[in-house]
Structure formats: C-alpha cells, structure tokens
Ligand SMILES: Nc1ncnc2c1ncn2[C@@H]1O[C@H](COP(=O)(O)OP(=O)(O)O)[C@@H](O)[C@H]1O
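One chain comes next, on its own, written as structure tokens: the form predicted alone.
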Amino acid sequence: MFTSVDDVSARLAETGYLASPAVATTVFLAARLGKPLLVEGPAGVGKTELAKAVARACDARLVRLQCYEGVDESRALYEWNHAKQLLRISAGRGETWDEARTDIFSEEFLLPRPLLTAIRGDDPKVLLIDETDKADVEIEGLLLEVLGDFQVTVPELGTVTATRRPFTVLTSNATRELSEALRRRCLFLHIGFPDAELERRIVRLKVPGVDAALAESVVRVVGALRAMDLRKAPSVAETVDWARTLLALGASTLDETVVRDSLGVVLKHQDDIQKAAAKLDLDAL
C-alpha cells in the first residue's frame, strides 16, 4: 500500500489529511505488517477521517461498521434473507426439505454485512470499525475471530478466508476499556489534539479563504479554551468550523464581540460557554 513513512505522509496530504510523523509511521507499519490499527483519542481529532483518507489514498473501497449499543452478529457479519427464503420454499412445495435446504442456504440468500464484505473478494478495501467502545463487550468475541485470522465461519457455507486482507482501522473514544485480547491483535495509535503549527496548517487547508493571521488567532484561542476545565474541549473539527464561521461573518480579527457571539460553534455546553466568556482574556494571548 505504501513504500515508506514519507509516502504515507505525502499521499494522505494529497487527500487533505495532514498526518503527524507518529500517525504516518503507525499507518505504514499497520499496512506493512498486515495488522489492524486501533486508534483512540478524543472525538473530532480525525480518527474516522484517517480511515477515509487511507481509502482515498489507496483507491480502496471503504467498508464501515458503525458500532452502537446492541449491534450484533446479524448487523456486523451476515444474516439470511428470510423473506426471500420463505418465498423460495413456497414456490417449491413439491420438494423435499433436503432439496429446499440446499438451495435456500446458498449465496443467493446471504446478506453480507460489513465484516464479511470486507474479507471477501480481491479488490483493495479499508475496513473501518467505528466507535468500537460503544458496542457491547460480546461483539469483541466476533472481532477476535475476524481480526485474528481474517476469516469468518458461516455454518451453512463453511469458512470464508480473506484472499486479500483489508487495511483495518478500529476507532475508540475510550468510553469503556476494550479487552486486552482485542488490543493484542492491533497496533495502537493515540491521536490527541495537534500542536499549534499542525492545527494552523489543517485550518489553512480545510478553509482556503482564511488568512494566516486569523488562522493563528483561532488556533491560539482554541488552545486557551482547551487549557480550561471544560466539560468538552473543542475538537479539531470545531476549530475548522469556527474558522469557516468567522469567514462567513466577514471577520478579519478575533475581538471580544466576535468571540462571544460565536462561542457556540466551538463549545456545546452552556456552562462551558459561560466559563469561557468569564475567563478568556484575548489581550493575554
């Protein structure tokens, strides 16, 4: 997929994703070693976007499993098209059960879900298992089978083994601890808030109309907000949204009025907005 760490950085940058050296190195190793990549960090720092960027950079198909409480095997792996099976049984009333069973448990009646889809076929794929920590603990047993050998057992059809392993990214906001068994199968990457220089580059890339001075002011104020004891610190995505907002308002600088009127773009809790309005000193930044 990639020839070097520099190749990762360059090709991700072409897709609009500016990767730090740590991110580029870990992506290169995950691709070279054929290991799943577990990415943890706060919401909005680019974990999901990393998988999308790798897919774009490698011209690969993105297969996404969005995790949530209650997601089960039928949503993650496969299920049978029961309505179609019933129609087939009704159409063949003169058949024995053995004859009908051979037919209805075939590929025609199989509904592959993301995990099975990702390991079938020879085309390049990126498997994104998003917000893994939101799924129930029981789903991890299924992930262990898939990510351990990249194979899935369908009792009626046998074992499906990947002929071409997908580049696999699991994301987590660390709302619960993932099992050690799952972690052992992955390379680990923590994406935190970027340093000021990288965040300025991200803002200039994502918001082409913003000038350097305004981008620097936005990043500096967001850094001050993150240093406060807030319920939810602003993410990189919210930094970009704020820059877009200021551009839409026609603001060329950040003053107290502009900041007060637009804090709701970066802070999403009223007590955070009140705390920031009281503590933020633009003159000291």
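Since the structure is predicted, the reported quantities are computational estimates derived from the model, not experimental observations. Numbering starts at 1 and runs along the sequence shown.
Heads up, the form predicted in complex with the ligand isn't pictured, but that's what we're talking about next.
**Q** Would you point out which of 41 to 49, 212 to 220, 245 to 253, 225 to 233 contains residues with a non-hydrogen atom within 4.5 Å of the ligand in the model of the complex?
**A** The contacting stretch is 41 to 49.
**Q** Residue-level contact is defined here as any heavy atom of the residue lying within 4.5 Å of the ligand in the model of the complex; does Ile202 satisfy this criterion?
**A** Flag for Ile202 set to yes.
**Q** Any of the heavy atoms of Leu18 lying within 4.5 Å of the ligand in the model of the complex?
**A** The answer is yes: Leu18 has a heavy atom within 4.5 Å of the ligand.
**Q** With the cut-off set at 4.5 Å between non-hydrogen atoms, does Ala237 touch the ligand in the model of the complex?
**A** Ala237 belongs to the contact set for the ligand.
**Q** Under a 4.5 Å heavy atom criterion, is Lys206 part of the interface with the ligand in the model of the complex?
**A** Within the cut-off, so yes.
**Q** Which residues, if any, of 129 to 158 lie within 4.5 Å of the ligand in the model of the complex when only heavy atoms count?
**A** Nothing in the stretch sits within 4.5 Å of the partner.
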